[in-house]
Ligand code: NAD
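Single chain ahead, by itself, as structure tokens, in the form predicted on its own.
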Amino acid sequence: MLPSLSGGAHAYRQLIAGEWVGAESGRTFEDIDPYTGHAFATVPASGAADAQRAIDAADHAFAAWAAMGARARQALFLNAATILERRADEVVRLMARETGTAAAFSRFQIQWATGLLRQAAGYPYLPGGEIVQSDTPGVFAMAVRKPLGVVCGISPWNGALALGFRTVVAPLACGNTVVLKPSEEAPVCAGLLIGEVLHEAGFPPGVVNVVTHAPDDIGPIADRLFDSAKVRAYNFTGSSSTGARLAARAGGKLKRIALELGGYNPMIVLADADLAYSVDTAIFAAFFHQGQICMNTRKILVHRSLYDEFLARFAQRARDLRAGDPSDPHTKLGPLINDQALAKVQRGIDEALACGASLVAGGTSRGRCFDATVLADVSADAPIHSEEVFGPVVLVEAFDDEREAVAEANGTAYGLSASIMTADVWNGIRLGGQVQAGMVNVNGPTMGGEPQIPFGGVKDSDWARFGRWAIDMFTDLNLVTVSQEKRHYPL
């Protein structure tokens, strides 16, 4: 069991072959509370040997797990959902301390993850293939889906709980075993906690393994995970730059990889939009979780007839949002994850201001807490005009016609999510078809999502889709034919 949360730093262990163990070297590292800057926990600082043990454990457990009946596998996922719900209050406190997550986003992640577990409980009962018509007389052909083997999951810190579960649940439900390597910024919430919930739920030893490592010490673990012939696929959520490197590495071994990457998500506010509702939606979508979600709105494009009033209302609402202690239930925005994130946000703002932008709201910080920031008149020469800084910063621009708005929305390498605010829903749908995004929300935020949707983007934002669509990624399609009569051959 993971230790309780009372008191200071706690010593955690990692999960390998059904046992909670330290790193083979005995080394640990400090997991830092982003709000206080103090050590929240000590965590195993693993290396190549630990990764190999986890791979071997997963490989050893694969055959029995793949052969387990649908009812038995379903029961384990349902058990896990119940355990996570029971521990909800504890998890909220845990996420505040490790990732600076305010209560609202923690509660959302718990709800989302329990929904994912319960939906995945039905995956073993979904069709496992299809009958294929054969042109050969007397031949019966079946396309059958089979699990791959060992899948490596690499989970992020920003939506640690929800995205950590998403990293492993679909591969597991398809009959694969997993080695989960959580971000070093959230080794507990994005990894060890997930391992413990699944372990307590009754997942057999070796089916789920969690390996942690110190910052800047990923190399030896990555080498084992990407070079091992036993690991057949990867599931990564993180930055587009890292995803590109991992995709190249997986491709060099002819292995598949699912990627959910960055986003620069536009909101288009048309002339007929409900102004008050558009402001409400934009505030939530831009600043929830301090702008540290891949689906946060990064740029708001407002029709010129509404622009001045929208900007005034939006900026005032942003000024009312002050970042603070995430463990306080009244706090809406918590701290950024680390000093590097803080510096990146500040640099993005400074570059925009140097290029002539106007600071309409925010721009101030206290420790790692950065207040909601609104920029206007941002030049296309400023990097923040088309690149995400992953913080509570949003650009507001005016447009004159819909074609201009769509062109501006598409003027980025990303294509994850977009939002269109309008009284004419059908026009919103029409424009949504022109926006280069994997997900378009008419009269809704760029942020959100449910476990069952085909979550994913286009361009530099994604490879693959999640939800039940992930089944295709984490299984092989094998053809099986049966000849009911003796065949006649030309030789």
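What you see is a predicted model, and the numbers here were worked out from it, not measured in a lab. Position 1 is the first residue in the sequence shown; the rest follow in order.
Another form, the form predicted together with this ligand, is not on view; read the next lines as being about it.
None of 150-158, 313-321, 400-408, 374-382 except one has non-hydrogen atoms within 4.5 angstroms of this ligand in the model of the complex; the exception is 150-158.
In the model of the complex, none of the heavy atoms of Lys299 sits within 4.5 Å of a heavy atom of this ligand. In the model of the complex, this ligand stays beyond 4.5 Å of every heavy atom belonging to Glu98. This ligand is not drawn, but in the model of the complex it has no heavy atom within 4.5 Å of Arg71.
Contact check for Val269: no non-hydrogen atom falls within 4.5 Å of this ligand in the model of the complex. Only one of the listed residues (Val197, Val393, Ala418, Leu163) places a non-hydrogen atom within 4.5 angstroms of this ligand in the model of the complex, and that residue is Leu163. Of the candidates Arg245, Lys253, Arg366, Arg304, Arg245 is the one whose heavy atoms come within 4.5 Å of this ligand in the model of the complex; the others do not. Contacts of stretch 233-270 with this ligand in the model of the complex, defined by any heavy atom lying within 4.5 Å, are made by Phe236, Thr237, Gly238, Ser239, Thr242, Arg245, Leu246, Glu260, Leu261, Gly262, Gly263, listed in sequence order.
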